[in-house]
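Heads up, the chain below is alone and in the form predicted on its own; it's given as structure tokens.
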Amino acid sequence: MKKTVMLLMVLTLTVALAACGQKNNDGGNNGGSELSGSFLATGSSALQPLVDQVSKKFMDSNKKVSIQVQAGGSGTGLTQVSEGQSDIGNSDVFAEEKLDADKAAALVDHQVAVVGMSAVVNKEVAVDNLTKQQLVDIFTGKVTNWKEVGGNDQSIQIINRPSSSGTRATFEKYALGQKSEDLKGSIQEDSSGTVKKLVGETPGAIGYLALSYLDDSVKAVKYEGVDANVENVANGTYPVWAYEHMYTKGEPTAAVKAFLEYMLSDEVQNGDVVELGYIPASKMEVKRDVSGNITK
């Protein structure tokens, strides 16, 4: 009788452990329990391609989870997560740069990647390099023709981002070293994708994009003679870059927590992050604080 009871106990334990192991091997599954629910991530368009791609993979492994990803700019994402209108606020800038100190302090920062940003021009523009001063002159309206910076006799058309954009804030802070005004005649677009399209289609156009958006439809120009690429960002020789943040407020739901953990997993960091042109934070040879100070 004792042998029979012990055998049944062993069999029960074996089945339970096997079931647990099967659940734990499900990509993105949280602690073996089945995840469910829906949540919204809003904000940075520079970060959107990564969040879009990873969210689809996460939902494939967690059929009862629904994730919506919307752009709108880092300022919008930070404001919405702070006010409870979204569950995750995607941002290219630290919350302290867009929100009041008390609101920023209530958010939890999850740094999921690093992204470089570059000035981009229409492919027919005969300029391959711009200095900091030349960029300042262009985006402040002092220079209005490409011939003034070594190009052909052609008017410059600025494609800008709104003030809520983290990409704009990063470009102004690290490429221009100052804020710029919205000039008469410039075009302003909310979406990085639209900026890329307009720069590619508009003669004489210049804008700026995250490296994750670059393709052969536009031309990235060097900054002070340095190529905008992953290697130069990582080693600190190219200065125009930012952390990609995913902010939450308060204790996240199980599904949100599991998704953020998945974003930081080796699978995503060494796969999707690299594939889409971002940089894992662990690969950076330099660090930057909220004030912009660089340390090794």
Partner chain sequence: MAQSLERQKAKPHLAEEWVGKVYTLLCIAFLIGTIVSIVYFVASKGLSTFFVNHVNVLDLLTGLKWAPEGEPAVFGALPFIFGSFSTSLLAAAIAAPLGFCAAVFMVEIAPKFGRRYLQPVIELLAGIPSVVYGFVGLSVIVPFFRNVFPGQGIGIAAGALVLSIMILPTITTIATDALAALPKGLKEGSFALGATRWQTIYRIVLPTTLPALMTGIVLGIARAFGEALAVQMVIGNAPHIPSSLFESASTLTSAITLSMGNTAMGSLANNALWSLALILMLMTFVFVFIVRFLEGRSKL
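The term rigid core refers to the most C-alpha atoms you can superpose between the two forms while keeping them within 1.5 Å. Computed from a prediction, not measured in an experiment: that's the story for all the values here. Positions refer to the first chain, counted from 1.
In what follows, reference is made to the form predicted together with the partner chain, a form of this protein that is not presented.
Using a 4.5 Å cut-off to the partner chain in the model of the complex, each of Gly73, Asp182 and Lys197 places a heavy atom inside that distance. Taking non-hydrogen atoms only, Leu176 never approaches the partner chain to within 4.5 angstroms in the model of the complex. Proximity of Glu124 to the partner chain in the model of the complex: non-hydrogen atoms within 4.5 Å are absent; the residue sits far from the partner. Taking non-hydrogen atoms only, Glu201 approaches the partner chain to within 4.5 angstroms in the model of the complex. A residue is said to contact a partner when one of its heavy atoms sits within 4.5 Å of a partner heavy atom; Thr140 fails this definition for the partner chain in the model of the complex, lying far away. Here is the short version: of Val218, Leu211, Leu99, Ala119, the single residue with a heavy atom within 4.5 Å of the partner chain in the model of the complex is Leu99. Contact with the partner chain in the model of the complex, judged by any heavy atom within 4.5 Å, is made by just one of Ser163, Asn145, Gln133, Gln111: Ser163. Figure note: of the listed segments 164-172, 111-119, 125-133, 218-226, the one touching the partner chain in the model of the complex, with heavy atoms no more than 4.5 Å away, is 164-172. Annotation: Cα of Ala104 displaced by at least 2 Å between the shown form and the other one, core superposition. Relative to the superposed core, Gly166 undergoes a C-alpha shift smaller than 2 Å between the shown form and the other one.
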